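A lone chain, given as structure tokens: the form predicted on its own.
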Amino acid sequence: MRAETPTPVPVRPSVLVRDSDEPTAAALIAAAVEVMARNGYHGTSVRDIASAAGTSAAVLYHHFESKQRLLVTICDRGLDVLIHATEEAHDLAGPDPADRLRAIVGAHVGVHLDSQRESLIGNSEIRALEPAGRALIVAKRDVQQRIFDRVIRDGMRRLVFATGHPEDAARFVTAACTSVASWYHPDGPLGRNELIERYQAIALDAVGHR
């Protein structure tokens, strides 16, 4: 008697899928995001991902050498989305450091709200990355952090910001903005834009905006 093919788990679209991705590879990335966000990296098997994508483990290995490679892809692409959005917001904000800080906070929070599953994986599963993958992701995280560092240092030079601890303030702001992915719910008391505005105000308070 022939075994029935398992019904794939419903998989939502992911911001990490690119137009240039081969369709099966795209389906595997979206499935990995769906299943890892629910079960965690260590609680997810290659078979789980393949099943959610409606394919087989053998096909997964054709596109990705391992589950670890899928995790690196998710974390790497997630940071690409975040860095691109933040750099664009910074470049469009104008010369005022306060406007630039509002802009990059808005971008950072916005990306974490719009891609909560991807952000949760990237933030919580970095410990599961092997050394080479971890080095890549840490380097890209540093790129994102340096955008905030530069804006806050510039505000200090211009006497627009008065914090005595600019590096700590920059880390505080990025950590707070990142944390929204872990608790925000669209049915909660704050809408997306309200939350962004609140975090922009908190960031300006943290750096001692005059």
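These figures come from a predicted structure and were not determined experimentally. From 1 onward, residues are counted along the sequence shown.
We do not show the form predicted in complex with another copy of the chain, though everything after this point is about it.
Here the chain stands by itself, but in the model of the complex one stretch of 25-33, 153-161, 48-56, 178-186, 178-186, has heavy atoms within 4.5 Å of another copy of the chain. Among residues of the shown chain, residue 124 is one whose heavy atoms approach another copy of the chain to within 4.5 Å in the model of the complex. The shortest heavy atom separation between residue 66 and another copy of the chain in the model of the complex exceeds 4.5 Å. Although the partner is absent from this view, residue 60 stays clear of another copy of the chain in the model of the complex, with no non-hydrogen atom inside 4.5 angstroms. Contact check for residue 142: every heavy atom lies farther than 4.5 Å from another copy of the chain in the model of the complex. For the stretch 41-55, the set of residues having any non-hydrogen atom within 4.5 angstroms of another copy of the chain in the model of the complex comprises 42, 43, in sequence order.
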